[in-house]
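Shown here is one chain on its own, the form predicted on its own, set out as structure tokens.
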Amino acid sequence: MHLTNSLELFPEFAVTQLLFKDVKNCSELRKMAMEGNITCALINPSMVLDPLQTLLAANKAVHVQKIGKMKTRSLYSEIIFSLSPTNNISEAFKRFGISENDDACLVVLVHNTDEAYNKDDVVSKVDGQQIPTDQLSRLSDLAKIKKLYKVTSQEEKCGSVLDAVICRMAAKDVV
């Protein structure tokens, strides 16, 4: 049901992703996250194509945290910011964070690989049905994603939409 990956560049850390549909308390979850009562990134799954996308965002967030170059206040807000193709933090939260009217949620947890973490604590706070993370693409809004990342038909001929998205995420700091 969930997906856990170790970070290659930071093997002491792992990223766990949990996907929920038919969520009835997104407003409450959002409030808990803003108040720091839930320690995870709460992401709108309609804006994510593949779990690789959030894994890369988490890797980048851990990296900027380690080198002291975070642009947001926490590791989890940095993950949401890292998903965005722009450097506008509030726009990133609007596009990639969950909103009060959402009915699905992708939960991303970063934890030490050698320490126990309590995913059940987060799962118990979500009033929705957990589904396998590999079903993420079923909840994705491809048209919105292509528009936000400005993916052209020319790009799609030589690569995938996911390739274009990942490229935009990686290049935003240098463009």
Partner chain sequence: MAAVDGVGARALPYLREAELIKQGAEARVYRIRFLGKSAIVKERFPKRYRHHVLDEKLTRRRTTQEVRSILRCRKAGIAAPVVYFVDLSTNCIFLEEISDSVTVREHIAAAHAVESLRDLAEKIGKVLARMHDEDVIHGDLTTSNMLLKTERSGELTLLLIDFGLSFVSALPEDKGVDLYVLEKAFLSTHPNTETLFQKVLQSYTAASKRAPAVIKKLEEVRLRGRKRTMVG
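Positions refer to the first chain, counted from 1. This structure is a prediction, so every number in the text was calculated from the model and none was measured.
If you look for the form predicted in complex with the partner chain, you will not find it shown, but the lines that follow are about it.
Quiz item: Using heavy atoms and a 4.5 Å limit, would one call residue 47 a contact residue for the partner chain in the model of the complex?
Solution: No - in the model of the complex, heavy atoms of residue 47 and the partner chain never come within 4.5 Å of each other.
Quiz item: Does residue 1 make contact with the partner chain in the model of the complex, using a 4.5 Å heavy atom cut-off?
Solution: Although the partner chain is absent here, residue 1 would stay clear of it in the model of the complex, with no heavy atoms inside 4.5 Å.
Quiz item: With the cut-off set at 4.5 Å between non-hydrogen atoms, does residue 30 touch the partner chain in the model of the complex?
Solution: No - in the model of the complex, heavy atoms of residue 30 and the partner chain never come within 4.5 Å of each other.
Practice problem: May I ask you to state whether residue 125 is within 4.5 Å of the partner chain in the model of the complex, using heavy atom distances? | Solution: Answer no; every heavy atom of residue 125 is more than 4.5 Å from the partner chain in the model of the complex.
Quiz prompt | Non-hydrogen atom within 4.5 Å of the partner chain in the model of the complex for each of 40, 111 and 141 | solution = No, none of the three is in contact.
Quiz item: Of the listed stretches (125 to 133, 103 to 111, 31 to 39, 63 to 71), which one has a non-hydrogen atom within 4.5 Å of the partner chain in the model of the complex?
Solution: Among the listed stretches, the partner-contacting one is 63 to 71.
Practice problem: Would you mind checking 130 to 154 for residues with a heavy atom within 4.5 Å of the partner chain in the model of the complex? | Solution: Going through 130 to 154 in order - heavy atoms within 4.5 Å of the partner chain in the model of the complex - the hits are 152, 154.
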